[in-house]
Each structure stands twice: as C-alpha cells, then as structure tokens.
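First comes one chain, alone, set out as structure tokens in the form predicted on its own.
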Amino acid sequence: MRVFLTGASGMVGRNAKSHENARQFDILGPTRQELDLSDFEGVVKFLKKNKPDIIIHAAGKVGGIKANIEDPYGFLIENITVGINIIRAAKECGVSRLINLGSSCIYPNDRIIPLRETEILTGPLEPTNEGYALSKILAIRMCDYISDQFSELNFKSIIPCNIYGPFDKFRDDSAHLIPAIIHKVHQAVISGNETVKVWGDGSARREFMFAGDLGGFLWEACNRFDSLPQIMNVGLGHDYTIKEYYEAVSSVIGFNGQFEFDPSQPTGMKRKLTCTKQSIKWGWTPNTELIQGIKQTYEYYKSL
C-alpha cells in the first residue's frame, strides 16, 4: 500500500515511520523543501505523479500554550491553508482514502468529561488555542462533507489526545507540556537548582499519549480503514494532573527539589479528557505506560 504521509519530518510523522509496522507500507514522506504543502498546484502535481492509495494528513504548525497565545493568527492561517490544500487536492485527484488528524483542542471548554465525538461545534472553544482549534475543525468538516457528497471518496478524521515522545520539541516556546517539563527538570538537576517553576497551581488535568502508540495506530488504521469510524478519538481514556506529570518526570530524572506554582499564569482548559469508547470497540488501546514513555522520551532528549 502506498501511503502519502504529510508531516513526515514532524514528531508524529517520525514516530510513525520509526514504528515496526511501517515496514509494511511504501511511504511517501517528502520534506518541506521537496513539497510545499501551502502550494495547492504543487500538491496536485505530486498526487498525480505518485498516485498514493491513501493519505495520512499529519502536517501542521503545532505548539504549546505560550506559542498558541502569542500567535493565534499563525496557527490558524498555516493549518487552514495546508489542510484545505491536502484535502481538496485529494478530492480533485481522486484519492479515495484519507485519514485526517485533528486535535482534542477542538472540543468546547465547558463540556462534561469525557469528551465525545458528538461534542464538536456544540460550544465555545478554549481561548488559549482557539486559532489552532478552528483550523482543525474546518479540516474535519471538509472530510465529512466530501465523504457525504461523493460516494467514491472516504475521508475520515481521528482526534488524538495530547502526544509526547521522541522527536518532540523541548527547548523553545513551541514545546508542549511533557517535553517542556523534561527540559526544565533536567536543567534544574544539572544546574543544582532546588526549585522548578510551574504555570498554574498544578491541578489542571491532561491526557498525554506516547507518540509511538499513535504511530502504531495509524498503520493499523490504514490496514483496517473500511471499519474505521468517520470521526474517532484516539487516546488513553484517563488523565493526570499537571503536578503528577512533574512528579513523574522528576522521578525519572532524579529531581528531589520543590515545585514553585504560579497561579497567575494561564493553564488552558481545567480538564481535557477524551472518550475512548469508539476506539476500544474498534479494537485498539495504547500500550505504553507513562513512566515507560517518559523514560524513552528522556533518553531521546539526552541524545540531542
């Protein structure tokens, strides 16, 4: 099966390519220099030339809460442009199967936990990442409209929870929670600092899945595409507090100091846990425990 994997050089893409099941597929993963996804005609030309059997759309501008707050326009426009180009080009070129990756930030910020797939567009979004969320909602709706209107095309969306793992970003403002914690705690240990600063009071809860598990899911989704629901959450089905993530990372790295909480800083949604009933029914659950995943991620971080 020939698979066009967008974002193959990103964290999700690299974890997918390094998964053992990737060997079953002929993977097309051009770099940004080889294919500019913001160029619609270029994407069309690439699809016509290479004729993939399926597209996995994992490309996009991503970042943590600080990056999203500072650049909502950038997150909105870049992800909308790339999403429209990939999905529209797939339709125009007759690629019959597409898996679009959404994000759990698309859910309203005032809904009962766990968040079900039917909650999309039923309430206001979390302001700290609204631009990114809107772009992901647009892509999901495009896939829905195309699948409903054109019987020969089947474009589906999965909604992963937060992801962490090897190939992540650790040191800049675009870092997500766990890689940011790894960097801060590691720096505290090597510098001999006895405190680590934490945004918020540590009580907000988040669901983070190891990126290698998502990579494995994507290849299983390709093999079992016809049975995949139109929209499906992909996550753990349970979460941890921010404080518990700091404690887990500290136990792996060996930090024995104190956390200095700053409630004046934004922390986003109080809780963001996905409902995984559909994925369990479909026959898939992640298998990497938190400490195991942090250990693997930390080993990658030390290799940089």
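All residue numbers are counted from 1 along the displayed sequence. Since the structure is predicted, the reported quantities are computational estimates derived from the model, not experimental observations.
The protein also exists as the form predicted together with a small molecule; that form is not presented, and the subsequent description refers to it.
Residue-level contact is defined here as any heavy atom of the residue lying within 4.5 Å of the small molecule in the predicted complex; does Thr128 satisfy this criterion?
No.
I'd like to know if Asp36 sits close to the small molecule in the predicted complex, meaning any non-hydrogen atom pair within 4.5 angstroms.
Yes, Asp36 sits close enough to the small molecule in the predicted complex that at least one of its heavy atoms falls within 4.5 Å.
Leu101 versus the small molecule, in the predicted complex: is there a non-hydrogen atom within 4.5 Å?
Because a heavy atom of Leu101 falls inside 4.5 Å of the small molecule in the predicted complex, the answer is yes.
May I ask you to check whether Pro160 falls inside a 4.5 Å heavy atom distance of the small molecule in the predicted complex?
Because a heavy atom of Pro160 falls inside 4.5 Å of the small molecule in the predicted complex, the answer is yes.
Exactly one stretch in 163-171, 221-229, 187-195, 110-118 has heavy atoms within 4.5 Å of the small molecule in the predicted complex; which is it?
So the stretch in question is 163-171.
Check for me whether the small molecule, as it appears in the predicted complex, comes within 4.5 angstroms of all of Ala59, Val62 and Lys136 - heavy atoms only.
Checked in the predicted complex: all three residues contact the small molecule.
Tell me, which of Lys48, Lys277, His238, Arg32 has a heavy atom within 4.5 angstroms of the small molecule in the predicted complex?
By the 4.5 Å heavy-atom cutoff, the listed residue in contact is Arg32.
So which of Ala180, Met142, Ile106, Val82 gets a non-hydrogen atom within 4.5 Å of the small molecule in the predicted complex?
By the 4.5 Å criterion, the partner-contacting residue is Val82.
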